[in-house]
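This document opens with one chain alone, in structure tokens, the form predicted on its own.
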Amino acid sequence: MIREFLVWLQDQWGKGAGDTAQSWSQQLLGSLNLWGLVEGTHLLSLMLFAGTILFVDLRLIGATFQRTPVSVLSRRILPMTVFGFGFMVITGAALFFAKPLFYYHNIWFRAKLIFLALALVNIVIFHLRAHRNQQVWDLLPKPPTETRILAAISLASWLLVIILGRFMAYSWFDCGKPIPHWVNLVQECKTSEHGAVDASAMAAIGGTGS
């Protein structure tokens, strides 16, 4: 059901009459200037978000700015973090809209979503547990262990989100190429337009042929 919706989103939504008509998704992908602007804005907003949240997480871990109250650092930096995150989500959604089927069948994108969900859940847990008692440990050089663990999870999660997002640019595991069986399963390559090619099966055929 999800893939059928994405096929419609990529190939049909907004498509006019005529053989040369394109959907809105195809128009965005084919627009060099607009696509470049969206992609560039996404990278800049990612840098702003990641850079500011790095300062906050390192302070919560107790690694930097130990003499600065957490509340002071948060008050000055978090507005920029929220601003960066907002633009990152908007531009990220636009990038997905331009190539929904590519991302749907991409193992790096699927892994990225998992760690993105983990990072967001971690934020909720932090506000429900650690943030309630912030006035107690606000001035401490090192916050309590639970707070430091949550900050470390946040730091690791966002780092993995960035790394996995970068890996999406590489075609190592594209559907239609000889790739491990489990990757074909995870990416649902069998339902993609390129199909699933099992690397082990290809190796076995090659060995038999020789």
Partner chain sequence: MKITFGEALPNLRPWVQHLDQVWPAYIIKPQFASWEVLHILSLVILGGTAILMNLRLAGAGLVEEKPSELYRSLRRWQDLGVIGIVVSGVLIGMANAERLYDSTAFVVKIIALIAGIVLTYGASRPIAKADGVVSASARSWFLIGAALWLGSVTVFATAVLANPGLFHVLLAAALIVLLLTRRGARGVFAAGLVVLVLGQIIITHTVIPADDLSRLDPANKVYAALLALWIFGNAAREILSPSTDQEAGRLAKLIGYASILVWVTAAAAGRWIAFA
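Numbering follows the first chain given and starts at 1. Remember, it's a predicted structure, so these values are computed and weren't measured experimentally.
Below, we refer to the form predicted together with the partner chain, which is not included among the displayed structures.
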item: Close approach of P180 to the partner chain in the predicted bound form, 4.5 Å, heavy atom; value: no
item: Contact flag, G36 vs the partner chain in the predicted bound form, heavy atom cut 4.5 Å; value: yes
item: Partner proximity in the predicted bound form: F102 to the partner chain, non-hydrogen atom cutoff 4.5 Å; value: no
item: Interface membership of V72, the partner chain in the predicted bound form, 4.5 Å heavy atom rule; value: yes
item: Interface residue in the predicted bound form among L29, A63, I149, A156, criterion: non-hydrogen atom within 4.5 angstroms of the partner chain; value: A63
item: Of F96, W137, F83, F126, the one that lies within 4.5 Å of the partner chain in the predicted bound form (heavy atoms); value: F83
item: Contacts with the partner chain in the predicted bound form - residues in 144-176 whose heavy atoms fall within 4.5 Å; value: L159, I162, I163, R166, F167, Y170, W172
